[in-house]
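Single chain ahead, written as structure tokens, the form predicted alone.
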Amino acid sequence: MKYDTFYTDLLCIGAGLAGERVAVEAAANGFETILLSLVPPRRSHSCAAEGGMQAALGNCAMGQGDSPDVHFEDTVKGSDWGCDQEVARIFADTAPVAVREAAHWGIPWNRVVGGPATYFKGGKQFEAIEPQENHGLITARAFGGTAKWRTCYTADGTGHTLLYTLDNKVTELGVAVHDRVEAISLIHDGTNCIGCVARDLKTGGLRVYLAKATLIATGGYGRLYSETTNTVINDGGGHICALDTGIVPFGNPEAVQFHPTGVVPTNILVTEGCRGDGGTLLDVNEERFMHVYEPEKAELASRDVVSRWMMYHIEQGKGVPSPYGDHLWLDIRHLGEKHITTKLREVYDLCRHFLGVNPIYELIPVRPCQHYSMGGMRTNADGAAYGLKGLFSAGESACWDMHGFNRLGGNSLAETIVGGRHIGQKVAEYLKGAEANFDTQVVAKAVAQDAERIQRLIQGADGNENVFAIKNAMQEVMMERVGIFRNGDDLQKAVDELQEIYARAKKIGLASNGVGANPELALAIKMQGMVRLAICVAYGALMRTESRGCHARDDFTARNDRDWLNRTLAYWPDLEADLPVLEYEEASQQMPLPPGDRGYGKVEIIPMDAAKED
């Protein structure tokens, strides 16, 4: 068959913040770079990030005394000691450099205004004096799970400003952008990754991209769930490509974060900046409750903790009834019109346009929903994938692994820039000594396999199962059985049901003709892969018999550092199998901060040196 072939030094699959930041580093070092994107880069999901990025600058009054050491400690505690502490240290040390570099490129960070300032905590107003000598320096706001204010922001459109600025940098450096193109498989010889097979979403034609180094930066897999803040393009496409090699492991698939404030019923995110700026959570009686469960942190405990207490409070009969299920209220009215229409202007707009609610005067209906994937393609500290030379990953698609089992708010946006910068430098170092050998037989075989499976779908050669019905069934199982609260019975049922859905996914037939720009075919191509990802999440959760961060089990309530201070690695070497192969590795080779109490959340720990009978 005929197909177009493109050659480059670096192929970046995904053109959000992480992909573009790696591309900028490679291009600045003189390497030819191509960015593949499902959508125009400025429409990547990174654009939806609102609240800010963490970096220990210590410029504002409530951030004084902050340092990379404090940031490192907050990150490790936030991960519930599930992160790689070497990576967390690289991240915390580099974040201040990266945020100032972004300012140099044009990010209009909010700045310190010297003199008296007011802020809110727990719905009450307080005063602080901003140092005059810091007037004009980058300021910060409070976010959950942090000891200091360190989340740098541009109102509540930080992802937007970062992405537009980086995209300008990409253009300036001459990086080629191929948008409306989707990678559907990696090309490799079992040892080296040499690129990918991709599909032109406008024409349906196949392409081959061959590169000395390939980066996956396709974001998360939130669309495995029915209620998610993720956009429709966050369906795990990059994870599928990596997992389907049978060589690259899916790290910590069970680590799925639920954000406390998805609006009801649309599940659009309302930034943690609302609570960081002093917003409060209210129940059906319009009374605060988080301070009862978390006296010190209250609404600003980490996301996993707040989400669990919200759902617990609803289960106690304190939710607000609605046609879309019970919810709670987010109250930012006391922040005032000026604050809401400037520093929270996107929240102001989305509430009015999508809910018909004016947050200056009205309460915002919220409920936890799936938000972020801590799990991803497992890499080392340099961003290099396990198993295949020449393959890298960055951002949410990677298990780098600085988040462990819970990500702190503001650390994800920071990871795209900080991790992208660090990994981009390592990719550039790799490219300086890289030699390319593109085996035409390997390439032809990869294209032929993808062409054949597409033709079988179009012809209905394997059956006539409806792809949208399969997707809905998968999402329903994940939402009902692999959510905020987990237990062995539900997880086993989830695995069993997903295996049945996987069998159906092998019998998909199209209702359309599959020609041209066809969303049905695009989904059908990846549907088996999406169900495999879902099984990895459910099976990994079933096997992890403890509670750690976002992974909260009713039947194993303790964090078990004796048996489970490790990272799950899920492999799928045989696509005919209906379960992955699970292996485990130490969470941290280096552990300068030994496991302890997070300082919030329910504390029940089996220590590392506990006897088995305990």
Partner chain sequence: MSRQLKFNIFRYNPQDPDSVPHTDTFLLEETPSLTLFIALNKIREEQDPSLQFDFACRMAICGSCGMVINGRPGLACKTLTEELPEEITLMPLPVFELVGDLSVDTGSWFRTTNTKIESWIHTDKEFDPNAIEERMENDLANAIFELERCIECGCCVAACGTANMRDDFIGAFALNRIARFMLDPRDERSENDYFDVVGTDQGVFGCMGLLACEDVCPREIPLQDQLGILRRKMGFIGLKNIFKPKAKAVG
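Numbering follows the first chain given and starts at 1. Here the structure is a predicted model, which means the values were calculated and not measured.
If you look for the form predicted together with the partner chain, you will not find it shown, but the lines that follow are about it.
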Quick one: of D66, E546, D561, E50, which gets a non-hydrogen atom within 4.5 angstroms of the partner chain in the model of the complex?
E50
Considering the partner chain in the model of the complex, which of A155, M474, A524, L282 comes within 4.5 Å of it through any heavy atom?
A155
Within 4.5 Å, heavy atoms only: does A128 come near the partner chain in the model of the complex?
no
How about R345 - does it come within 4.5 Å of the partner chain in the model of the complex, if we only consider non-hydrogen atoms?
yes
Counting only non-hydrogen atoms and a 4.5 angstroms cut-off, does R453 reach the partner chain in the model of the complex?
no
Looking in the model of the complex, any heavy atom of A446 within 4.5 Å of the partner chain?
no
Only one of 408-416, 499-507, 284-292, 131-139 has heavy atoms within 4.5 Å of the partner chain in the model of the complex; I'd like to know which.
131-139
Could you list which residues of 406-421 come within 4.5 Å of the partner chain in the model of the complex, counting heavy atoms only?
R421
